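In the structure tokens that follow, the same protein chain appears in two forms, which are kept apart as structure 1 and structure 2.
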Structure 1
């Protein structure tokens, strides 16, 4: 096999990677060690779960070798699963991982300069080309005879040839470049390994040459000695008892498993005994994972069975809405050869999942007691929690305690519980308004009556509220009511309102005739104060924003939903209309009342030119 070209995207990635991560070149070591650790996990798993690997005995380890004779060579070796020619081509000749692709997408923005973001991506093997101008990967797959050598300068493609290798596993030989020469240093390697890989489950050994002197004066001799030292702690931290672990230990472990350079916002270490025995260690990152809203997000929780790594690619370990959680689940009861299919139907797994969710939610509830910290949490994770309200019926009540909303009554975030406490004695529900623009919502004429009666309204300006809020239906037996729907108004109606309604009935009919089938109905409003008109949708119709969203989601066949126009009987314009006999003017005014109500809700006018003409006619009559 001769020289091969990289798939085009690799060329592109390499270039960007090398240039944008230059000041973080040390992460190449983290990436290599993490690949080795994965390879060791995989083989260890096969030797316990797969008959054909049972005869392989091995002590999993990673070796980092400093070549004292030839200072430009650094070697990293593992006795893991290894690769054959096909694996090499697939893994190192193309970009297999979505994380790398996401990273590539991000590179176009300025954000990549933020080192914390960099930490979130597994940038992978290619990072070696920041520190080396030539790299050889010598590898043999466990259970196979042939070894393979893959070589590349990271620029012009790679060569792949058969080459003998004594035992299974992978050895990566880096010919360090100028930048890389700073890693030709024992202390540096030790420090970086501790920083990123201290809690990798396998021992990492550093091979170096120690020099000392013996004798005095002319007899003084330099003694060189080859030394091997384990440089990481290699313990399954989650298995240690809480009392012997310090915050630093937890934080450091978090950094090891996530690559995040910041400390976590929240941690939760649980050991369960009884019917099911398991340990969980969960973290919430300070910043939401970059891929949280990608469909192909990388799950953050690793599954172990009796300390043996099983998978880090199982999205079902926690419900989707908790996909921002990082950490470890280690079960004592699951079989080691648990397959994905089994996992998803397994009783033990489902018990662990159910209990973990309960525990996470109840701990978050406690965490919410610290308003300042909880605000940081909400700023990042309010939205996935709202997804939970929608999707996790069993935990809906707990989730309703955790989500937060904006409000007409308080600054910042408020909870449904607080909102309930602030309710007026005769208040019939918790009111909310949905839409995508906070300031537009705050200025909506729909709020006027609530403001004048000093009733709180929740301002829901997150896209997802449109779907989730109507689902809530009740909080502690109190109804949640959308004020941009027709029904909520009835709560505010007084006898006086009803009287006025009858009085302007004839005008309403006129307006209705003028607007034709642009509206579903024209009614007298009891919720308007300063504005002459507003639009709402029928109790059973989707709101205008909801329709817009459904359309964006590809739902094109929707029955047209017509708004209801509400008219404020107390408004000067309306009173004057009622007293006027100029039928043309009433027609124009009707249309203008409708158009302005649409605009205030952020809708587009069907015919802006017609609107201007009409406005001009009315103005010239008025002046």
Structure 2
């Protein structure tokens, strides 16, 4: 096959790794061991679940070999599943996941100083080029006869050729550069392995040359001896008792399975016995995974059956809205040969999933008691939780205790429970306003009546709120009401408001005639104090923002939803219009009131040029 070029995105990644993550070079060993562990997991599963692999002699292990004669060479080998030529090209010649490509396109070397990049996108192999100026991967796939060699300097592409290899597995040979020479050291390799990979579930052996001296004086001789030592604990941490584990044990294991350089925000270790026997160990990262909102996000939970790895690519192990969770599920009851299709319909797995979600939400509720720490969680994961409110009806009540919103009453985040506690004695509902711009929402004329009566309004400026908020409907028997809907003000309407509406009814009719079919209705407003007009939608119609979202989602053939224009009877402009006999002026003023109300809500004017002409005419008459 010969010489080949890297794909463009690999060139980008190598540049970022070498120039921006240089100080994190030790993670190359963590990433190579992690890759070996994955390869061993896959073959271990096949030897118990697939008849064609059951005759393979397999004692899983990872070997790190120091070349004492040539101090520039470091070798890491495993006897896992191995790769063929196609696997090598897909794994080491390109980055298949579109999310990675999209992310890399948004970055430059100066912006990336965080080694999390590597673990986030599963491209850790390329970190070897921080410490080596030449790398050879010699590999043979289990069950196949041909071996393959992949060689690269990390700059000019790679060479892929057929090469004999005695057994299945993968050997990575690093020709260390000046930076990498610091890892040509037994103590350094052992320390890094214990730091990042102590809890890899397979033994890791370090091969090195031991030197000692015998005799004294002129008879003193140097004795060299080849030694092999296991340098990790090789135990499944999640199966150990919580009482014997320290925070540092949990944190090291988290870093091993995620590639994250930071400690987790939150952990949850559970062992269930009874009808279903299983163990779970879940973590919440301090920072949301960078691919959290990509359609091809990488699931963070690994499934084991009796310590045998089954899959780390199953998105159904937890609900989609908990896709940020990392960790392990280990079942004693599932069959080892469980397929993806069976997994999705399996009653045992369904029970584990249901119980795990309940436990996670329950523990997050406890975690929310620490306001400062919970704010860090909400800053990262509020939106996925809102997805859960929409999609997980069974856990909706628990999720409503966890989501947070901004408010006209308090700084920062607030809960629905806190908002309910602050309600006025005669308040009829919890009020909210949705949109995509916090500043615009806080200055909306729709808030005027609520501010004047000191009534709290929740500010929902996440676009997902447009979809989720209407689904909440009630919180502990208190109705949630959108103030950009026509019916929300019915609670605050007084006899005086009704009287004013009767008095300016003739003007309302004139305005409605002037605007024609641009509006659904024109009514007197009881919500406005300082502004002359605002727009709302009918109680059963989607808001302007929702209409815009639906169009972006491809629903171009939906019927046009017309807004309701509300007029402030107490405003000077409206009073002057009511007393004017100039029909042309009333017509222009009516359109201007409508246009400015649309602009305040962030809507585009259909005809800006006509708006300017109309404004000029009115200004000319006023002057």
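Positions refer to the first chain, counted from 1. Here, rigid core means the biggest group of C-alpha atoms that superpose within 1.5 Å across both forms. Note that this is a predicted model, so its numbers are computed, not measured.
Between the two displayed forms of this chain, it is structure 1 that matches the form predicted in complex with adenosine-5'-diphosphate. Relative to the superposed rigid core, the position of the CA of residue 152 differs between structures 1 and 2 by 2 Å or more.
Once both forms are overlaid on the rigid core, the distance between the two CA positions of residue 435 between structures 1 and 2 is under 2 angstroms. Residue 142: CA moves 2 Å or more between structures 1 and 2 after rigid-core fitting. On a core-based overlay, residue 131 has a Cα shift of 3.7 Å between structures 1 and 2.
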